[in-house]
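Shown next as structure tokens: one chain only, the form predicted alone.
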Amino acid sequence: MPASEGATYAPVPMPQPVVGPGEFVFAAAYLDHGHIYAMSEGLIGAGATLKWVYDRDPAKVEAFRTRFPQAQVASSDAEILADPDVRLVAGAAVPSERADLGLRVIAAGKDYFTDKAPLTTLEQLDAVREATARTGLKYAVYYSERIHVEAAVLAGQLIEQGAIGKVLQVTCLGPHRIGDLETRPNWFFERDKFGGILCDIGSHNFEQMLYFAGARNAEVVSASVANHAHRDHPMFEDFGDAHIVMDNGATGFVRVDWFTPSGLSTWGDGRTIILGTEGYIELRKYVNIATGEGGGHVFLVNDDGEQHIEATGRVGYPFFGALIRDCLDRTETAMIQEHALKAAELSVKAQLAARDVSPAIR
């Protein structure tokens, strides 16, 4: 059934820039992960002004300025932190270094926007919670697989409008393509640097499970990790899964891996299935395989029938404008701080609890 026939979905208006030029200035620092480009684009699209860029590697800086020529090159992160114009620092450092950067940003009196995973240890989590509680400054997290995917944004709107009733279970599948190993940085293969697969790419999914289920807390019931096919990198993990029970009775399951075959038309067939008391939603975020249709697909089944809604170009990415306004107005509309950190906590706890099911080396 086309979305226009029998559908109760009423789209939320597409977000518009929330500030004018120069009203909200940010800087980009530490470009170790490519997500910094999308983080910057999201903020600029919402009206923010990019003033500075910094990285220890000049080649990374020049590549960044190819996309964002307006960014001035900072000689150090201290130059950024000393600039009173800068309201927020966006960073995509090595995962194990993200908390330290965030604490320095907060100590300088600025809000922080980090790539996921936002931290890799419970000790870092405690330090971040203390700093944010003491200062009221933000430690925002780029959980891109929800906040920067229109299908996921639309799913959140449908759930809020009651399209599937009370959410009972969320299943998240997060396959990734590993690509050419020679192009990956050394830290990518070092568990103490990337935090483990459930901490790293799994963090997206713990956030989604909490968000879609409307839960505030959860318990990790079981978890497993493995290195099945990359034994030349013994500290790497190419597979992980976990099962959680949330504080409102909903359950969640996540599977993440690095086994996307080269024949797929994109980097990963990310899917989310959300079961409710009155229907269910399936998200095919990045591809609808073998159709040539690309991504952005929302499948909704409830008492009104079956609906296939193409989300691309319909809802946009309201997170970025909300984050800017939150920083200016000292509100919490983009993402509650404790929610962002609870997802990180579950990611780390699942990693710590995970059983290693790697096959024995023969």
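Counting begins at 1, following the sequence as shown. Values in this document were obtained by computation on a predicted structure and should not be read as measured data.
A second form of this protein, the form predicted together with another copy of the chain, is not displayed here; the remarks below concern that form.
Against another copy of the chain in the model of the complex, would Arg284 count as a contact residue? Criterion: heavy atoms within 4.5 Å. Because a heavy atom of Arg284 falls inside 4.5 Å of another copy of the chain in the model of the complex, the answer is yes.
At 4.5 Å between heavy atoms, is Asn302 in contact with another copy of the chain in the model of the complex? Taking the distances in the model of the complex, the answer for Asn302 is yes, it comes within 4.5 Å of another copy of the chain.
Can you tell me whether His228 touches another copy of the chain? I mean in the model of the complex, with a 4.5 angstroms heavy atom cut-off. Output for His228 is yes: heavy atoms within 4.5 Å of another copy of the chain.
Does Val94 make contact with another copy of the chain in the model of the complex, using a 4.5 Å heavy atom cut-off? Judged by the heavy-atom cut-off of 4.5 Å, Val94 is well away from another copy of the chain in the model of the complex.
With the partner removed from view, which of 135 to 143, 67 to 75, 107 to 115, 246 to 254 is the stretch that lies within 4.5 Å of another copy of the chain in the model of the complex, judged by heavy atom distances? Careful reading of the contacts points to 246 to 254.
Between the options Leu103, Ile159, Ile273, Ile178, which residue brings a heavy atom to within 4.5 Å of another copy of the chain in the model of the complex? Among Leu103, Ile159, Ile273, Ile178, a heavy atom within 4.5 Å of another copy of the chain in the model of the complex occurs only for Ile273.
With another copy of the chain taken in the model of the complex, which residues across 222 to 237 come within 4.5 angstroms through any non-hydrogen atom? The stretch touches the partner through Ser222, Ala223, Ser224, His228.
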